[in-house]
Structure formats: structure tokens, C-alpha cells
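Encoded as C-alpha cells, the following chain is the form predicted on its own, with no partner shown.
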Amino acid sequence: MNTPAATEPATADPPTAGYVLDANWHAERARLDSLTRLYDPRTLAVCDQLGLAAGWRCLDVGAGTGSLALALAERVAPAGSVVALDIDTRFLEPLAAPRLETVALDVTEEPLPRAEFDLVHSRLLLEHFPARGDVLENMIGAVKPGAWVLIEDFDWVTALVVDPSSDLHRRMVSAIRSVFIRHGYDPHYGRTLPRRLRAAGLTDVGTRAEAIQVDADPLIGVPQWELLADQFAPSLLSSGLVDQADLDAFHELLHDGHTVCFAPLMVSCWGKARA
């Protein structure tokens, strides 16, 4: 499969590697919530497929708002527990409870506990890190023999799919992707997960991939794209690929009541550590 060439900004600040989204941005909680509403039910369905049950000890790496960790904690009660881990725990700390532990840790720099968990999960995390292979190895080392690793990341192969066809949508999404890429982001990492999990020695590797339909709602729009565009607005404008009129028109498009977008392909890939 040929990977589409990334469009680089004409002018922009020098690239820096790592997670580019700003936890301090005023609407970051709303952006994260828009993603969890789409993907938490699907992640939980995969976890149930893997046999998630009471008594399991789970680790959610890059837990964000903690909504998934909360749902996992309900499923593993009363004897199980969940560790919700993130470099920034501001959204997680209010959720701490006997079955839900919150931990502040940079998984790119610090080791995880070894062979401790029945399930280790991350979603939309590894795609951001240039050293994603090291982070994946760190996560695999945290599961018990015979336990599961579940990694979920995007492949942007469907990110430009929209009906009716829209040149504006194409330009805006391509510009957003360019901002990500300048920080070491891999927009097609999801498609590589089956190969990578097998190469890491996991067995029983399986995959689920879905591009979710998201309608341009007249009231709420498509917050997954709009809030991303708003947070990236300074970089998008300085790149010269879009202008303020494009940003305004993008918001109008995503509130028009009839446009249908398809989210980037979410690839959920799981594998079992050798016993």
C-alpha cells in the first residue's frame, strides 16, 4: 500500500518532536471528550472480546480524561483494579478511587512496572512519539505472561473522505496533518500495528479497523475536527496553507446539516504475551 505524501508547510517554526497537543488549551477537555464519546464504546467492545472480567488488573497508558479507565474499573470490580497513567493527570486526579489509581509518568522516559497487568492499553498515543518503538516495548513488558496488549492508533487513509466532495475539507485536513507531521507524528502508524505486535513476539494478534461516520450537525458541528483546527490555528495560519477565511468556512461546512465526514481509520490491534 502506498502512503500518501505528507504536505509540509511552506513556512513554519522549526519542528520539534513529541506530543504537540496542548493540555493547557482552554477547550482541550472538550476535544478529548468528543473523541471518547466516539471511541470508548468500541474500545470496551474489544476488551470484552479479549475476556475482560472481574479481578483483572489493567493499565491505561495516556488515559486522558479517564473515561475509559472508569469504565474498565467498573468491569473488573470488585477484586480488580485499573491504573490510569498520563504525563498530565489534571483530568484524572478527581477520579482516584480504591479500584482506580492515577499515576503521573512520562512513558517515553520512565519504565513501567514489569509483568504486572492482565491488560495494557493505549489509544491515539504511540502515533505521536518518534520513539514509538521503545514505548511499545515498554508497554509490552508491563503485561503478565499470557496477558493482553491492546494498541489503538489512527491511519489517516480515510481522513479526507467526505460527502459531498469538498476541496476546503481536503485542504484543511491536509494542513492539520502537516502540523502533526512536523512534530514526528506518523499519520499511518495504525496500519503497521499487526506487523509490529507480531515482531515484538506477541501471539494471537488480531485487528479491528473502522472509519466512523460523523455527520455535520447544525448545532454541535464536528468537534473532533473543529477543536483540532482551533487549537492549531496559529500554526495553520503561519504555514500559509490556509487563511482565516478557510478556518471560518471550515466551521460553516461542519455545521451545514448534510455533509458527512469519515474519521481517520481507527486500527485496534491486540496480541498476547507469551506464557
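All of these numbers come straight from a predicted model, not from anything done at the bench. Start at 1 and count along the sequence shown; that's the residue number.
Keep in mind that the form predicted together with a small molecule is not shown, yet the notes after this line are about it.
Chemist: Check each of 108, 166, 102, 192 and return the one that places a heavy atom within 4.5 angstroms of the small molecule in the predicted complex.
Modeler: Only one option qualifies, and that one is 108.
Chemist: Check each of 87, 131, 96, 79 and return the one that places a heavy atom within 4.5 angstroms of the small molecule in the predicted complex.
Modeler: Partner contact (heavy atom, 4.5 Å) among the options: 87.
Chemist: Based on heavy atom distances of 4.5 Å or less, which listed stretch (232-240, 62-70, 205-213, 219-227) is in contact with the small molecule in the predicted complex?
Modeler: One stretch meets the cut-off, namely 62-70.
Chemist: Is residue 124 part of the interface with the small molecule in the predicted complex - any heavy atom within 4.5 Å?
Modeler: Because a heavy atom of residue 124 falls inside 4.5 Å of the small molecule in the predicted complex, the answer is yes.
Chemist: Is residue 32 part of the interface with the small molecule in the predicted complex - any heavy atom within 4.5 Å?
Modeler: Output for residue 32 is yes: heavy atoms within 4.5 Å of the small molecule.
Chemist: Considering only heavy atoms, tell me if residue 19 and the small molecule come within 4.5 Å of each other in the predicted complex.
Modeler: Residue-level check for residue 19: yes, a contact with the small molecule.
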